[in-house]
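In the form predicted on its own, a lone chain appears below as structure tokens.
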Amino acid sequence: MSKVITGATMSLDGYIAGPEESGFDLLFQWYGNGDVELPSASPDVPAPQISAASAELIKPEWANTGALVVGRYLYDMTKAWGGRHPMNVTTVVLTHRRPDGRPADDENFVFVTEGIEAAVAKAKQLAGNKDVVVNGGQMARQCLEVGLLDEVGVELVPVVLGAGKTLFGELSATPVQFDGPVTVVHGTGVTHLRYRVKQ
């Protein structure tokens, strides 16, 4: 059965980005410290080289991802990943207004303006029996608030950023409990944790 999942690389003090979108070089060191290459479909994003232990977890997760949901902020910040997301699946972009340069949806990007429920529903339709991955703290928060999220992945890295952006931001419906961790994998420079949202 397909799931709606989110995940993020996180510092020991709980940040997925430092102040003013800093700290990514420290957070994502584990993307370049191994011998196993994960293919990248983006012309702008180099293929990650991760440890064998990380790859044993991440490769099947990527293979079982059928669609992504991201916000317009991440889409703009990455410059649309050069035209195709690295994971090589259709990306649903939740936005207030379609970008001027994209008059129509295609196999790379689909734009939804009706809210998070509509964005996830569209992604599920595209994903079929595969999982939908929600990428970005604001999208993850919105999904959790309306009960759409099934699982959370944390890639915990040994760095302290001191301040910045958290995964769920200013979550309105708290507390939220999780089962797990249901999976713990020790990679090189990262500990992968997977939790299920308690229903």
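Predicted model only: the values in this text are computed from it and were never measured. Residue indices: 1-based, along the sequence shown.
This next part talks about the form predicted in complex with another copy of the chain, which is not shown.
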{"item": "Residue among 55, 68, 161, 143 with a heavy atom within 4.5 Å of another copy of the chain in the predicted complex", "value": "161"}
{"item": "Proximity of residue 17 to another copy of the chain in the predicted complex, heavy atoms at 4.5 Å", "value": "no"}
{"item": "Proximity of residue 148 to another copy of the chain in the predicted complex, heavy atoms at 4.5 Å", "value": "no"}
{"item": "Exercise: residue 178 in contact with another copy of the chain in the predicted complex, heavy atom 4.5 Å", "value": "yes"}
{"item": "Interface membership of residue 64, another copy of the chain in the predicted complex, 4.5 Å heavy atom rule", "value": "no"}
{"item": "Option from 45 to 53, 151 to 159, 129 to 137, 30 to 38 whose residues, in the predicted complex, bring a heavy atom within 4.5 Å of another copy of the chain", "value": "151 to 159"}
{"item": "Heavy atom of each of 26, 166 and 184 within 4.5 Å of another copy of the chain in the predicted complex", "value": "yes"}
{"item": "Sequence-ordered list of residues in 10 to 25 near another copy of the chain in the predicted complex, where near means a heavy atom within 4.5 Å", "value": "10, 12, 13, 14, 15"}
